[in-house]
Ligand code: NAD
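In the block that follows, a single chain appears as structure tokens, in the form predicted on its own.
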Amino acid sequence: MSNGFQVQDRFAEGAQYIGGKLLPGTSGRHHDIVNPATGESVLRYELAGTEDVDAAVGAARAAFPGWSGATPGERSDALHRFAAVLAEQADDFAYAESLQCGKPIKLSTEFDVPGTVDNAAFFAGAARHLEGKAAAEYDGDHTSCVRREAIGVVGSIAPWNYPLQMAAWKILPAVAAGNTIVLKPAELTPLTSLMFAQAATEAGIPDGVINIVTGAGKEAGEHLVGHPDVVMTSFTGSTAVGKRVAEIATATVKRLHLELGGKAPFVVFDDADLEAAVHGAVAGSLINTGQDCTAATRAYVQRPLYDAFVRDVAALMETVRLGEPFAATTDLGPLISHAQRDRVAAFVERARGYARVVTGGEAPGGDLADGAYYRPTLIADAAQDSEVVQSEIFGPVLVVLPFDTDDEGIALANDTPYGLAASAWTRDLYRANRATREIQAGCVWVNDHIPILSEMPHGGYKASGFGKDMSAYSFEEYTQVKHVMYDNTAVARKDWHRTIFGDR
């Protein structure tokens, strides 16, 4: 499948998008975008250097007065046009996303692209809903009101697992609120981020409002976060890198938004619908080849259902079809790179020394041998404090452990530094309510795992970071709250002045 989309032609001018134009980088270093299904280079481009970051921030700063001064209705209209352009180009976006990431085309077509279009439509509406307290005379002598204002140039960094959706989650709330932005996508997967910015220009969003710099984290990323003209940083990625981003941002007192790692628990109580839980566990652990920070990674199953759950999950995993990403029958594509596949495999090999690999645990041969593929893997009988239970593997690996009491199940679910997402499986309303109250995660699903909505917030607890993506809560992250107070007395000497001079 090529869909008529020619990557070399589309990005012949470079992989930086600054001030409404594709440009080459200036770092002097080149990078290959590699199709992880074949190991072949898709595009070779010059990485961004610090000069490119400075140019992008300069373009965003120059565009800020005009864009922030536009009415909410004008920004809303532009974003509605943007959503329409994205929808018109859906096939190209799906193709490019699968090409650079190895995603099955059905995932790109049915999840990544429509989710992004819906995000754009949602924030087009949100642009006209800047909420604050009603104006009122709280002390009797003054009228107070709250303004929400754009904050300035935002510098954001997105990961490689969902490049299109992450670009949307970073860019849309920022620009809907009147900010301008410089986004650094992962150098492995910049194609759809660049296309996203190009589509914004086609929709009439002014040059400089959305800029893309594609460079290495140590150079382009750190320079962007530390740039004196960047007033806010939003980062999605590992907790380890998030700590470094926070360190740099803190030095310049930037507003900070972090969506970091996850190790989502999947808690199955003994009254759960076993078939539903099994299907949910396989789908929730294997989405995007397990390269999802909300993916189900730790299944805790109450002992009466444990053996059957292990048996049935293993059997269902063995039916999942690995294949070429553009084949309609492919369920699971490769990991993002051979290095990532080898990292996942190393976790599993070490686990063989202390746990049981029930199914999977190997890379396929044959026609898939050249790609970064790894079979769906189920591990049982690991200890709670073991590496595969506590560390983020970021691959198609599910670990299952038993528990006895409800107290124990919830305690085990919370026994991790992370707190991004979780799910509880039960037919009992009281059990479900307890789980949603007591599991420490930014999202807790009941009898499902993974669905997200533009209207609902996404973000974590604990080492999974802080701040929200999507929803009106995300929109608020990108605004300044200003209190405005008007005197209503027209009296020169106010009563409170006596606390400074004179008597009543």
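The first residue of the sequence shown is number 1, and the count goes up from there. None of the values given here were measured: they were computed from a predicted structure.
Form predicted in complex with nicotinamide-adenine-dinucleotide: not shown, discussed below.
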For the interface check, one of 102-110, 157-165, 312-320, 72-80 should have non-hydrogen atoms within 4.5 Å of nicotinamide-adenine-dinucleotide in the predicted bound form; which one? 157-165
Of A127, V268, A413, C293, the one that lies within 4.5 Å of nicotinamide-adenine-dinucleotide in the predicted bound form (heavy atoms): C293
Which residue, I287, A199, A186, I151, is the contact with nicotinamide-adenine-dinucleotide in the predicted bound form, using a 4.5 Å heavy atom cutoff? A186
My question is simply whether K218 lines the interface with nicotinamide-adenine-dinucleotide in the predicted bound form - judged by any non-hydrogen atom within 4.5 Å. yes
Could you confirm whether P325 comes within 4.5 Å of nicotinamide-adenine-dinucleotide in the predicted bound form, counting heavy atoms only? no
How about E392 - does it come within 4.5 Å of nicotinamide-adenine-dinucleotide in the predicted bound form, if we only consider non-hydrogen atoms? yes
Indicate whether R244 is a 4.5 Å heavy atom neighbour of nicotinamide-adenine-dinucleotide in the predicted bound form. yes
What I'd like checked is whether A264, Y300 and A441 together line nicotinamide-adenine-dinucleotide in the predicted bound form, meaning each has a non-hydrogen atom within 4.5 Å of it. no
Do any residues of 426-461 have a non-hydrogen atom within 4.5 angstroms of nicotinamide-adenine-dinucleotide in the predicted bound form? If so, which ones, in sequence order? H458
